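Consider the single chain below, provided in structure tokens and representing the form predicted on its own.
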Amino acid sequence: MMKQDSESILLCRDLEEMSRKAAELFVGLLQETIASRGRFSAALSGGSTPVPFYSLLAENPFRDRVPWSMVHFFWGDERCVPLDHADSNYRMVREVLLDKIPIPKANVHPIPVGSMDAQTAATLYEKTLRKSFDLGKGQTPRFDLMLMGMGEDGHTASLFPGSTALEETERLVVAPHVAQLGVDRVTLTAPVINEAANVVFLISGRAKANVLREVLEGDYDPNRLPTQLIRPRDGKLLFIIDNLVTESTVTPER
């Protein structure tokens, strides 16, 4: 995979430093964006890696540096469980971050899973995006920040290897069946992710080292390594990773 001019890698000692660097980046981007446009939109990710990052945002000094009334949160993907379920990406963010900050309820936009089938939830969330970003026909939302993770199989959001969702070019939100897990998911599509002004991956742990090296340095094969699909059209791509990931794998750039 050829390295893009807009792609960079930030190497950190451990997950704690990764989280702090991500929090500093988040607040910096947010303040700059709000100063110029009066609003900041971010799509959040689930999993365990971003939990310390969310926790930092809920605490000072970061908490008081953010004008939360001007922030809008969305989700990159969601499991098809009720929003109060232990496996819900929304619930994790709510407990770690949302319940601890003064963000208006109207500014929080979870994927409406749990009370309906996945396809209906995807259709409704696409309508939410179109309304929130005031999109015309054929337009794609431009998030200020897209926070991403990566699985040990190279998936990101709920774009899994071999999924038909990888081929989607028109829909903003789809509900693929994840054969590997035997479940349905709801996810933003690659064109939406690639329209973002900033795409930031948080990747931690030795188990992801080899697949990250393949993503960054191997042949381009997004059907096998969906993370390779993420190549912002007119934005920046940043991988924030720790030493465990980089042991005998990629060469970091600061």
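Sequential numbering from 1, following the sequence displayed. What you see is a predicted model, and the numbers here were worked out from it, not measured in a lab.
Beyond what is shown, the protein has a form predicted together with a small molecule; the following relates to that form.
>> Would you classify S163 as touching the small molecule in the model of the complex, given a 4.5 Å non-hydrogen atom cut-off?
In response: Looking in the model of the complex, residue contacts with the small molecule do not include S163, since no heavy atom lies within 4.5 Å.
>> Please determine whether G28 contacts the small molecule in the model of the complex, using a 4.5 Å cut-off between heavy atoms.
In response: Judged by the heavy-atom cut-off of 4.5 Å, G28 is well away from the small molecule in the model of the complex.
> Looking in the model of the complex, any heavy atom of D144 within 4.5 Å of the small molecule?
Replying inline: Answer no; every heavy atom of D144 is more than 4.5 Å from the small molecule in the model of the complex.
> Do I111 and the small molecule share at least one heavy atom pair within 4.5 Å in the model of the complex?
Replying inline: No, I111 is distant from the partner.
>> Only one of 64 to 72, 32 to 40, 48 to 56, 213 to 221 has heavy atoms within 4.5 Å of the small molecule in the model of the complex; I'd like to know which.
In response: This holds for exactly one stretch, 48 to 56.
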